[in-house]
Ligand SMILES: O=C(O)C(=O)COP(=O)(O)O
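Before any questions on how it binds or moves, here is one chain, the form predicted alone, in structure tokens.
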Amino acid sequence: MAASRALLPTPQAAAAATPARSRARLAAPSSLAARAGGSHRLRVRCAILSSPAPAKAEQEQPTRRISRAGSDASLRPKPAVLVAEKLSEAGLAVLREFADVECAYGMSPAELLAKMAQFDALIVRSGTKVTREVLEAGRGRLRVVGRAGVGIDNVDLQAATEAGCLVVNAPTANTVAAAEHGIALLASMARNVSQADAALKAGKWQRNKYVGVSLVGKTLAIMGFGKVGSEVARRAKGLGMHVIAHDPYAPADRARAIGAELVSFDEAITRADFISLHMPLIPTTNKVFNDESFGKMKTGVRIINVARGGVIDEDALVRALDSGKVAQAALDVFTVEPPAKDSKLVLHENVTVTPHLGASTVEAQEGVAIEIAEAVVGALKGELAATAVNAPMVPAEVMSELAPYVSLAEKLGRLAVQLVAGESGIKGVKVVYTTTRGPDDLDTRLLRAMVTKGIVEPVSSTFVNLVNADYTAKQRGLRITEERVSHDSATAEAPLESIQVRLSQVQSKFAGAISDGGDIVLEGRVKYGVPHLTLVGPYEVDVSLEGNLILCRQIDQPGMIGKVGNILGQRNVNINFMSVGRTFRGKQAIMAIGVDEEPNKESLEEIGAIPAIEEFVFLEL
């Protein structure tokens, strides 16, 4: 969608999201500080990203000023994607429609490092470690890491975020396959299927040795009630089991709808006859099943793990199996994969093992490949990524609703920073949202990130995206506050009436953008799905934010539109939109002109020579 194309620009050009950029002619803010002051607007929340530092401001304000930025019209090359682990042909086909794809399976860490600087995206499964070194080896080109599966513990998320690298996964395609494998292990373990099979193939007929236990009426504790855990619960209910679950983030109504009872961690493990693990491997779950937790369980409990191997202390599990505290275990995942050939856990007679087959069905492999390929391609295009794991946690429905305002937010930030004069820097940013929504019914994190992107990227060598916007702002000392203004309208359906960006305590290269309070003020709205600039300083305008923009402050007199239009027309510069706002008739006015092409230097000088024009500025979008 057009409104979201600026999220993940490529370092080569970012031509689709921002047609041109010239950082050399725009001074980077040497410091950013907040301005203390009153406001008649209702303050709803304030997002402080870092503390400010004082800066030196320019003192002189010329009455006539011409400002323009350069252009980089180089074409963006086709992105390159490295697939480091096996991916089905269905997924590769999706990738090849958009990118150059190289499949290099079984690389050593050194080989992976050597390749990274050549690629815009990397796709892995669980076997490849995407470390800080790998991300740094990308040298700023690597924009997306795709994890073909759910778990992302093999990716350094903090390093990825700092590098501005989006991490996406494929969380839904293998859900049913993993749940089915969990149920398969549950039933196989309960009836000793694998052990009896091995014995019979070895020529032994041992019916009395492999007497199993029934599932009906038993209590199954599901640890982690997400997508897979919920599907296991549904199937276990069909087997006649009583299901309890522990997950501090699971909605109680969803558990009730399935017929599961949400309980605490300790209650789950003490009540259960069977325990099925479906939790991620994070610091708080690392080896959470250890000697202490095994000690709280019923004697004879049985454990299934199709989640992540590291959530179990494997040495402690061996001790629990040897003592009889744990009667049996069925494991699809291990702390180290593949496990050692002499692993006591794998070789234990009361343990059923499979080699990480949770997602290994034909249907799931194809589904995961397509899901991750689509996520990576979408991210490379700059689209909002619903499966991003290191971006702000914005629900999909919110992302969809705010999509038309994403472009508006970034463009307002991009215009505002280009209006800042020379060395004055930005000392504080306030984003004001006019809305009919209540305080708890409008999530603005996405919009704040895009305003930050718009402000930082034009004056920095850093490529900012949704992932690293807050981090980058913090590193640059940028302080951002957000406010909400109530807009009363019984018929308003849009989530926002307008977005306003205010830069405080700055000198402006275009005095007409300064409000009565001394701030650079820009305000915009979305009309018919297109962002419009509707306010510049104290002047109301209405210009579509497509192409580039010329702002002129002039004496309000007849013929001004025609004079400027003729100059641009003679130079073959097409005007796509024009609007004039004024304070009083015959006084001062601002003319906002949207242009498809960038006027050359001679055109701008000719506009500046019109006697009634006091100042103007050319701004890139």
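On a predicted model such as this, the values are computed, not experimentally measured, just so you know. One rule holds for the numbers: they count along the sequence shown, beginning at 1.
Although not depicted, the form predicted together with the ligand is the subject of the following passage.
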item: The single option of Arg445, Arg308, Lys430, His532 touching the ligand in the predicted bound form, heavy atom within 4.5 Å; value: Arg308
item: Candidate from Pro404, Gly149, Gly547, Gly512 lying within 4.5 Å of the ligand in the predicted bound form - any heavy atom; value: Gly149
item: Proximity of Ser126 to the ligand in the predicted bound form, heavy atoms at 4.5 Å; value: yes
item: Interface membership of Asn174, the ligand in the predicted bound form, 4.5 Å heavy atom rule; value: yes
item: Non-hydrogen atom contact His356 with the ligand in the predicted bound form at 4.5 angstroms; value: yes
item: Answer range among 109 to 117, 199 to 207, 374 to 382, 356 to 364 for contact with the ligand, defined in the predicted bound form as heavy atoms within 4.5 Å; value: 356 to 364
